[in-house]
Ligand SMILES: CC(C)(COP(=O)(O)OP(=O)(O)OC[C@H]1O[C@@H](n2cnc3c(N)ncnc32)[C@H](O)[C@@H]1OP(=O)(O)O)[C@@H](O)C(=O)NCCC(=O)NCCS
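Just the one chain here, laid out as structure tokens, in the form predicted alone.
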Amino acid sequence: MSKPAVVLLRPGDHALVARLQESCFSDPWGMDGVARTVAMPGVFGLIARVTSAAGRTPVGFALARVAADEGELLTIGVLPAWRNQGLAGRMLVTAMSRACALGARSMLLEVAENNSAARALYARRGFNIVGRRIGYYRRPPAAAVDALIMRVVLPAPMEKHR
């Protein structure tokens, strides 16, 4: 199989994102939640696909948005068999670059305090903790987990030369 290609989400791909979320998370948004999110102004998505003799197989996704000069990573996921291979980092950098190109000067995200792998990924990409939402993630029967709000300043896009 080839190295996964990260491409922009196409119209109608929300069902694909919903299926990927179900394979990545214990609390997916569902088809309606993904469709509502993708339809919001400023939202863009990424799909990671591998190409093989069997065709193109989706293995990861990210959804983000830009409002005014701020980007936000809404969700990112990689299928379990494709984790720990740098794909989440590639999608994150692609989302950051796209947000920057759309006018964002910073990017925010929320991550569960106990998600050490994701926190390390974000820290490696320059995100710093700027806030906390107490008991934000509620996944019964487990105790609620705080969300850490992380932020990174994005580089200014290069000015076009005339």
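Owing to the predicted nature of the structure, the values given are computational and were not obtained by experimental measurement. Each residue number is its position in the shown sequence, starting from 1.
Below, we turn to the form predicted in complex with the named molecule, even though it does not appear here.
When the named molecule is considered in the model of the complex, only one residue from 108, 35, 121, 67 comes within 4.5 Å through any heavy atom, namely 121. In the model of the complex, the named molecule sits within 4.5 Å of a heavy atom of residue 117. When contacts are judged by a 4.5 Å heavy atom cut-off, residue 24 counts as touching the named molecule in the model of the complex. Of the heavy atoms in residue 125, some are within 4.5 Å of the named molecule in the model of the complex. The candidate stretches are 108-116, 94-102, 50-58, 36-44, and the one lying within 4.5 Å of the named molecule in the model of the complex by heavy atoms is 108-116. Of the residues in 86-114, those that come within 4.5 Å of the named molecule in the model of the complex through at least one heavy atom are, in sequence order, 86, 87, 88, 89, 110, 111.
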